[in-house]
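What follows is a single chain, given as structure tokens, in the form predicted on its own.
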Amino acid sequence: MSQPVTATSSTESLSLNELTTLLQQIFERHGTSQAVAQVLADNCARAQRDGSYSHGVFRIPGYLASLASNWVDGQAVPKVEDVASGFIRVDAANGFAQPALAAARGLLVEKARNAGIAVLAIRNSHHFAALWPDVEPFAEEGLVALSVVNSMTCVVPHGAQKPLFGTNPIAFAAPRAQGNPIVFDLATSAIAHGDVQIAARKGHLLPAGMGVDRQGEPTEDPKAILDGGALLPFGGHKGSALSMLVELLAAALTGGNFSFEFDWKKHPGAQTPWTGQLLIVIDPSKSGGNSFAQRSAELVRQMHAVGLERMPGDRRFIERAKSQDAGIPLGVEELTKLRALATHR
């Protein structure tokens, strides 16, 4: 697993705006439109700021490889379709999912406030980022948000012999009175694929039960998982069932690809899964009774009262506060490479 970076003489700290600007320059230099670059850069920079290193600047080479291979269209303009009182469809046009969400976001909030609940179905899209940034902003506006997205085939269903599902994360966000929103983002695999890549790069072993090698044998070696092996679902049959649920909601319901339905062999270097995403947004003010945000705060108080020291997502808020005070630390070598990418293709 990745560890928080501590600023030293071998690191340089950037503000969120500085890092976002640098990443936007990189994306534009490598073929995205300005609008797409702004959304992707904001997403990556915020993940880095919050200590989600497996989805921060670590992802940049993967984004650029997919763009260079012509697997994803960095100039795509999403098509928003208002199809029902509480339902929106978006064709991402083989572009990234976050710009598709951005294009429909205003209408999605409007529908949720009018009808009490609204669904956004994104298809023909590539999602290569953390999922929590997609839902947290809704909670900051007093709304409840749930999102699922499927991925590329790399997870063996419980009881099966070969991979079929993706890591298939689920993200949830809800407002909380007198505190940060309740936000969590979890892969239905035993570990996120990005964390396996980081462990392999650093030469670290993984805990038992994370994955199998190409022969289907359990392994703690991340390189063996990446070299023809596969991940396992968390919690055995329970995680496997949730992963299936994500495939149905993110792909079957939206019209996107299942994790096993796309083939990128003709696009060497492609890394972004071409799938679908579903978001459900609820306006809790329609439920009546006590304030939902107050009830959320009470639940958190009771969880702390029984001994829970850290809520899901707390580490991100702690890292965010640190970064706001001291900047976002990046290794000098890594930052040099990023600056070079911003000026050269």
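Not measured: the values here are computed from a predicted model. The first residue of the sequence shown is number 1, and the count goes up from there.
There is also a form predicted in complex with pyrrole-2-carboxylate; it is not shown, and the following applies to it.
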Within 4.5 Å of pyrrole-2-carboxylate in the predicted complex, heavy atoms considered, which of 273, 233, 181, 99? 273
Let me know the one among 105, 193, 111, 123 whose heavy atoms come within 4.5 Å of pyrrole-2-carboxylate in the predicted complex, would you? 193
Per contact check vs pyrrole-2-carboxylate in the predicted complex (non-hydrogen atom within 4.5 angstroms), the hit among 73-81, 86-94, 207-215, 124-132 is 124-132
So, residue 49 and pyrrole-2-carboxylate: in the predicted complex, are they within 4.5 Å at any heavy atom pair? no
Exercise: residue 167 in contact with pyrrole-2-carboxylate in the predicted complex, heavy atom 4.5 Å: yes
Contact of residue 243 with pyrrole-2-carboxylate in the predicted complex (heavy atom, 4.5 Å): no
With a 4.5 Å heavy atom cut-off, would you call residue 151 a contact of pyrrole-2-carboxylate in the predicted complex? yes
Going through 35-67 from first to last, which residues have a non-hydrogen atom within 4.5 Å of pyrrole-2-carboxylate in the predicted complex? 55, 59
